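Just one chain is shown here, as structure tokens, and it is the form predicted alone.
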Amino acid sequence: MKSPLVIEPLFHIGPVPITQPVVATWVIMAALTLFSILLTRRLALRPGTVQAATEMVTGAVDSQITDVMQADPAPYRALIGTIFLFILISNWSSLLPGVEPATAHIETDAALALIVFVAIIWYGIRSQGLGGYLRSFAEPSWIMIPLNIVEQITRTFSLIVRLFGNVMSGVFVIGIILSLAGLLVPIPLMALDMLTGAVQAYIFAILATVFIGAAVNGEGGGENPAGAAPQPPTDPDQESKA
């Protein structure tokens, strides 16, 4: 009996096998790219429905980045927003007949987590410099260096396992019920799967934001650690009275 985790390739490019999840990933990437090009070429002061919806999503992403990182969202918007939209569309693609979401395969989830891992290092070095980023692993004491390094690795694995487990379980449950109960019975579960897919995309994106914010602000705390509330402005009159 063939394992359900074994995927037969659709075709080969040289020695490289191309499977259905890979094709689905390419289609989602192409669709997002084409949508972005077409939308940005026709921006208007009085936005239509599509532009208004896109601006709403962009504003929500910016709001989450600002709340978590207490920083200008512009440098991080493209990465966090793209990750969120890709995972969301990929999760919802399971509702199409014959389509298995790419996020239900651990290779895709590992690639997404690796992107976040590299982004953490990149933004951390860009914000603090190489020396400052390396010194952040010694906070609050040099004894914590091994634990902080292990934490970086385990956080990446947690992203992989969380996304893979939740998406794969949803695909399996709906597939089993569909095979046993017929076409109409799983509809409520499919609606629940849509909600779960949206939640998982949000969790992955928000955790990526938290991890990048921690690297930007310093793992050991810093003057304004990620997620901390901004300090209220100082009143000069109160200082003079003091």
Partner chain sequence: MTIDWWTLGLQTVNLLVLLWLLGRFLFRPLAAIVAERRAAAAKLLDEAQAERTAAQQAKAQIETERKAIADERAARLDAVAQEAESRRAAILKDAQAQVDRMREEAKASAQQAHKDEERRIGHRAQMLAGDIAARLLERLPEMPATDSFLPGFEQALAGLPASTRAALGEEGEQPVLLSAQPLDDAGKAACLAAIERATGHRLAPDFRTDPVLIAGLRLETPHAVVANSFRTDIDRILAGFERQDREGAA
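Owing to the predicted nature of the structure, the values given are computational and were not obtained by experimental measurement. Numbering follows the first chain given and starts at 1.
Below: the form predicted together with the partner chain, not depicted.
- For the options Met29, Val199, Leu189, Ile206, the one in contact with the partner chain in the predicted complex, meaning a heavy atom within 4.5 Å, is Met29.
- Note on contacts: among Arg77, Arg126, Arg162, Arg135, the single residue with a heavy atom within 4.5 Å of the partner chain in the predicted complex is Arg77.
- By the 4.5 Å heavy atom rule, the three marked residues Gln152, Thr154 and Ile176 all fail to count as contacting the partner chain in the predicted complex.
- The partner chain in the predicted complex comes within 4.5 Å of no heavy atom belonging to Val167.
- Interface membership of Leu195, defined by any non-hydrogen atom within 4.5 Å of the partner chain in the predicted complex, is ruled out.
- With a 4.5 Å cutoff on heavy atoms, Ser94 does not count as touching the partner chain in the predicted complex; it lies far away.
- In the predicted complex, none of the heavy atoms of Phe117 sits within 4.5 Å of a heavy atom of the partner chain.
- Residues are counted as partner-facing when one of their heavy atoms sits within 4.5 Å of the partner chain in the predicted complex; in 33-47 these are Thr33, Ser36, Ile37, Leu39, Thr40, Leu43, Ala44, Leu45, Pro47, in sequence order.
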